[in-house]
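The form predicted alone is given below as one chain in structure tokens.
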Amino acid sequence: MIRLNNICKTYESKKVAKEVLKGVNCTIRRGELVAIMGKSGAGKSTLLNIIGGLLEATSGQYFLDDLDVTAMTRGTRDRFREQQIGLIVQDYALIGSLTAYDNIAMPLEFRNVPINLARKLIKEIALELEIAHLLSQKVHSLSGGECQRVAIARALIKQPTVLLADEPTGALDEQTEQKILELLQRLKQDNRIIVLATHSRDVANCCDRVLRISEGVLVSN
């Protein structure tokens, strides 16, 4: 379970301090698919990045189960992110010159997972996401929906507790968007926490709950 207690985030420069998140409080349970909605600049991506351990809150507390993430050192937080968080970004962040297999394998290489075990895990996740026939193809030859599935496979291959997605269907057509949302609905059944940042009401309507942010304030939970 995620617990955010009075989370604030301020960006400071020499001339001005900009308060992006202002005392966010919420709880997200395992098995939930939750959307974060708000206008551009409202604080959606900042909140997502704090949950993912990419950003440190200026103040407040963030717990994942019994782990106090806000009390972690940078090194500990990096290890937490590598072990617990799966992140999917809008532009997929795949390496186009590599195959789908090699992109999915990257997190396992960082963990020094033996090759035979890595092959088994990649085959299993590829079958689950219906991309086994794409593994030998270079990513630059894949469609947007196929790239998104490869990105999801790469995020899931390390079996994260939390799956985060920033505008995961923003570049997809309506039919492919629906397939990705149905896939995320299935994935939450593995007792994961799935959180999406989105502008789309259609995407939000497919989620269990919507967190609405306006000017850094959580106005609806």
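Rigid core: the largest C-alpha set superposing within 1.5 Å between the two forms. Just so it is clear, the structure is predicted and the values come from calculations on it, not from any experiment. The first residue of the shown sequence is 1; numbering continues from there.
A second form of this protein, the form predicted together with a small molecule, is not displayed here; the remarks below concern that form.
- Contact check for H199: a heavy atom falls within 4.5 Å of the small molecule in the predicted complex.
- Although the partner is absent here, E32 sits far enough away that none of its heavy atoms falls within 4.5 Å of the small molecule in the predicted complex.
- Taking the partner from elsewhere, T58 is found to have every heavy atom lying beyond 4.5 Å of the small molecule in the predicted complex.
- Using a 4.5 angstroms threshold between heavy atoms, R186 stays clear of the small molecule in the predicted complex.
- Of the candidate stretches 59-67, 149-157, 178-186, 45-53, only 45-53 contains residues with a heavy atom within 4.5 Å of the small molecule in the predicted complex.
- Annotated contacts: Q83, L129 and R192 are all free of the small molecule in the predicted complex [non-hydrogen atom within 4.5 angstroms].
- Residue displacement note: D91 has its CA displaced by at least 2 Å between the shown form and the other one (rigid core superposed).
- CA of T46 to CA of Q90: closer by 3 Å or more in the predicted complex than in the shown form.
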